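The form predicted on its own is given below as one chain in structure tokens.
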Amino acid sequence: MIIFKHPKDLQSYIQNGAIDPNSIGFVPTMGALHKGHISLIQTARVENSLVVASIFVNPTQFTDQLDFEKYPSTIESDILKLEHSGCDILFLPSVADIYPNGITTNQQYNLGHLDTILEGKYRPGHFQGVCQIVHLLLQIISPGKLYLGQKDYQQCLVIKKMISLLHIGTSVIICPTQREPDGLAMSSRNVRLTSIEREKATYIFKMLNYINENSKAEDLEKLEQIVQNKLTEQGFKVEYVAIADQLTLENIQFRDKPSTPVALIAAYINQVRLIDNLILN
């Protein structure tokens, strides 16, 4: 595996190697890699001749400075995991490399309601920062395929919309959420959970399955409230429980339309914010 720290060096390597962009698979990460990230690398390995991963904790997508400062860093073990998973190139830039003119968010992306609901509501400006960094990375790497995890469901839709708006020739491949044996969605933030909090965190996935089991017979707005109350009783600080259209994330109140809903939950356990989702049967 080759490590590049400067954008121009990576671009030169790709261009001088006459590498077909359609054969490049790209996995953007913020490090603290787990099996979910590695599954993306492995999928990209099967489908592409060159696999590129990036590790960059992007300051413009954090609405909570404390969350940014506490984001875990495990770069040495991350490099080993990428090497063992078949990654060809790691792009490991500094903030100065990505934002040579200083950290700004001047460019605005017209994301519509995706920018103001659910994650957009509780993390204002977050998706503008996500689009900014992904846009920059795509300009540097020019991959044919971009691999994302379903756990960040709304983010996947946001990036797909951004790519469509800018007519970027990259396909978005959304891969299934990877889970621990007890159902907890794999996340870099899980390492911040105490053993008691880690056990409690599994309740989020249990509630997603509860929604799935009851979504055909229930008033969905009532079902959302029931689940929110159950989570609150367990000590979670709930930001949202939502049942929405899989393609648009518009809220669905009753199962009277031939749409495929997705259930989404965001909740805090003390200082750790967790998100998860489930496509409903």
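Residue indices: 1-based, along the sequence shown. Please read all numbers here as calculations on a predicted model, not as lab measurements.
Form predicted together with a small molecule: not shown, discussed below.
Visitor: Is residue 155 a contact residue for the small molecule in the predicted bound form, using a 4.5 Å heavy atom cut-off?
Guide: Result yes; residue 155 sits at the interface with the small molecule in the predicted bound form.
Visitor: Could you tell me if residue 30 has a non-hydrogen atom within 4.5 Å of the small molecule in the predicted bound form?
Guide: Yes.
Visitor: Quick one: does residue 48 come within 4.5 Å of the small molecule in the predicted bound form, counting heavy atoms only?
Guide: Looking in the predicted bound form, residue contacts with the small molecule do not include residue 48, since no heavy atom lies within 4.5 Å.
Visitor: Is the gap between residue 130 and the small molecule in the predicted bound form 4.5 Å or less for some heavy atom pair?
Guide: Residue-level check for residue 130: yes, a contact with the small molecule.
Visitor: Which of these residues, 90, 118, 134, 208, gets a heavy atom within 4.5 Å of the small molecule in the predicted bound form?
Guide: Of 90, 118, 134, 208, the residue with a heavy atom within 4.5 Å of the small molecule in the predicted bound form is 134.
Visitor: Please determine, with the chain shown alone, which of 53-61, 226-234, 246-254, 212-220 has non-hydrogen atoms within 4.5 Å of the small molecule in the predicted bound form.
Guide: One stretch meets the cut-off, namely 53-61.
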